[in-house]
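Before any questions on binding or motion, here is one chain by itself as structure tokens, the form predicted on its own.
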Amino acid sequence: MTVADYVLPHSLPEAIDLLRRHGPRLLVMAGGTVAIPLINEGISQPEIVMGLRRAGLDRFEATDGELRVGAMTTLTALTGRADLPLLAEAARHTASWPIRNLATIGGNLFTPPPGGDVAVALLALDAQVTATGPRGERTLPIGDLWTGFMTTALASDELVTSIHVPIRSGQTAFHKFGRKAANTPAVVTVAAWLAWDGDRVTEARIALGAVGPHPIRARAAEAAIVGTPLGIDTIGAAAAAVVDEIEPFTDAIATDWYRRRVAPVVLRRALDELAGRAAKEVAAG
């Protein structure tokens, strides 16, 4: 089957109406970096494709300590966000410049592992997702969006329209391990956000990608470092804890065996970086 029609709504209400009317016959396409290869290879065979480029979903809005990012904002646009360095770093490590010019923050939430580097950073930043449908808007924590591999909590007539990212003080680190230095799928991705009181960690959010059916929070690893100085022992405890939290898989990039052994190493690197920065700040007074 070939695509019979391509529709390009010029507003969100128009997009929602098209989704409601056409139902499962319609494929929603953001940047197209995942959808187009699936269509070309015959894996996805929609009757109608709906692009969202002109639906007005590509704006930034900073209010009350958070950044609201339209779902169609490109990854290239995210690379310049100095107020959210973790998000900018994740975007810079995703694919190549031509892909980043097309790929969107909303589309990245639906990218199957080992992709979705920006989604990993959003999970570590405690972002929320707004979905819009015929019944109006609803907002849910990003961790509640994913329900399994390529499945989400969205209703069939809902669209992700924006992502809300808190702008908080603290330190962040993003480490992606792949087969190449750049433009590479992940073997393991780690994104971390820590808050400090002196030399002790008061809050921690650690997210991992490419080690499960979707980005995951490493809550046991977080618990291992909260309330303690981030030293060799606590970093080792966090690295040991993360092994039991992941669900690695085998693909063309790496085996599940390899991912399970690499994940604690990449986490150590991220926490070592954060510990080093914290020590310098404490020494500087």
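None of these values were measured; they are calculated from a predicted model. Numbering starts at 1 and follows the sequence shown.
The discussion below concerns the form predicted together with a small molecule, not included here.
Judged by heavy atoms within 4.5 Å of the small molecule in the predicted complex, the contact stretch among the candidates 198-206, 81-89, 164-172, 97-105 is 97-105.
The putative spot formed by V69, L123 and Q128 is not touched by the small molecule in the predicted complex; no residue has a non-hydrogen atom within 4.5 angstroms of it.
In the predicted complex, the small molecule lies farther than 4.5 Å from every heavy atom of A210.
Using a 4.5 Å cutoff between non-hydrogen atoms, G115 counts as a contact of the small molecule in the predicted complex.
Although the partner is absent from this view, I39 stays clear of the small molecule in the predicted complex, with no non-hydrogen atom inside 4.5 angstroms. Contact check for K176: a heavy atom falls within 4.5 Å of the small molecule in the predicted complex.
In summary, among the residues L230, A224, L27, I246, the only one with a non-hydrogen atom within 4.5 Å of the small molecule in the predicted complex is L27. Listed residues I216, A35, A241, I235 were compared with the small molecule in the predicted complex; A35 is the one with a heavy atom within 4.5 Å.
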